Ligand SMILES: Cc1ncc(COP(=O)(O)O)c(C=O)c1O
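For reference, the chain that follows is the form predicted on its own, supplied as structure tokens.
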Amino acid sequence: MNDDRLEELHGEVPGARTHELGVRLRACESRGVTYLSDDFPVFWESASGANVFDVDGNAFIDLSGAFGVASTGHANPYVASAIADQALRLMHAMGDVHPTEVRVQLMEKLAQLAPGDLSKSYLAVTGSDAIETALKTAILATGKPAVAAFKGGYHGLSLGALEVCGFEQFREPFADALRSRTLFLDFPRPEPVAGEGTAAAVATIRDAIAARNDVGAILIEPIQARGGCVVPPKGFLSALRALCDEFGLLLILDEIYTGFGRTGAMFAAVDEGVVPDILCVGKAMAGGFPISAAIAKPAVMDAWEASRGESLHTSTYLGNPMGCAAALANIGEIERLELVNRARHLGHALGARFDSLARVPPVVECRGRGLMWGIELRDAVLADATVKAALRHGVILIPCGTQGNVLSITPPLTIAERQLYRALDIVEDVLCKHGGT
């Protein structure tokens, strides 16, 4: 495991060097990318384990895992070594033309890890790439152009992925360019009486699907991540699987955020024994190197015609050797350190801690599974203030939720318990002090 270093701050946060770099960044980067203000963000210089170090020499405890990517810890030495070794041998191959052995090894490993008979992969670079591959595959396999997706589902912001993104604020500026064929459904919330919410949600979805003849697939995150860490009622995913079978639809699971142990299972849907037709993975797959995949049942993936030398869907960096080596090393670390079991254990242990947090006045609800939790606050203003105050006290947080009012807790799966509980103590202290403002 990584060391258990706590926060160490030297003067004002953000510091002078961060402010200087902010001025330079503002002058050369599109203003639509990085949010810059006097009190946020800090510029990262390095990271190790569950610690991030900024350019002013401050050490932070990272509760974000860099969007859940750093599952085996920032700068995991085995992953870094695998990338370096591969770079010395072969840094880049030719996408769909000349493959590599490491690419074969990774796809074989994904077939071994994926549930059921998911055994054919398409390697991509980003989560959006994997989603777009899944959407194209569904169109070819079903002959139908539309997909049903869920409000609050975040599947990436490239134009094809934006078509199925359930965040209206991302869609609205580009609405005229979207096909707008997606059937958006309500994502169910946990019900007071077990079974009632699932039955009602599935009945509503059945009616909506029956009213359309152009929908060939349903796309869903098993737990909505950026949507606010929303956990559906128990039994909903399996009921949705049955509904897809009833209507002859493909089930596409977006496990880009939840996959590779984050929720206490290798893939979150495993908790309900659900096997999708297509599984999209990314983020924690390689611990920081950009690579993703769409993994499908052979009969579904074989809807693509065999390549005759010019692929219908490809990328210059498809199956990048360094990405494949990083993914194999990172998956190896997840297995070696038994991080799936660790995330499950810590998730159970955190229940009481989050019960305590839920009693803090500005907190509406705490919810989650494994090491993926959301702390819902009364509004986005308070969430923003909490993120900034936590940063000043040495903890890195990010907000999430369609309204921006949820604090996302997705630390590295290797985080020491001492670090985790210290960081949560700081968050609770901030909430207690600023909750009345």
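Note that the structure is a prediction, hence the values are computed from the model and not measured. Counting begins at 1, following the sequence as shown.
Not pictured, yet referred to below: the form predicted in complex with the ligand.
- When you look in the predicted complex, the only residue of 294, 269, 217, 256 with a non-hydrogen atom within 4.5 Å of the ligand is 256.
- Put simply, of 232, 264, 156, 323 only one has a heavy atom within 4.5 Å of the ligand in the predicted complex, and it is 156.
- Contact annotation for the candidate site: 51, 54 and 388 all lie away from the ligand in the predicted complex (no heavy atom within 4.5 Å).
- In the predicted complex, the ligand stays beyond 4.5 Å of every heavy atom belonging to residue 132.
- Put simply, residue 127 is close to the ligand in the predicted complex: some heavy atom of it is within 4.5 Å.
- Taking the partner from the other structure, the ligand in the predicted complex has a heavy atom within 4.5 Å of a heavy atom of residue 283.
- Although the partner is absent from this view, residue 226 contacts the ligand in the predicted complex, with a non-hydrogen atom inside 4.5 angstroms.
- Heavy atoms within 4.5 Å of the ligand in the predicted complex belong, among the stretches 294-302, 87-95, 74-82, 147-155, to residues of 147-155.
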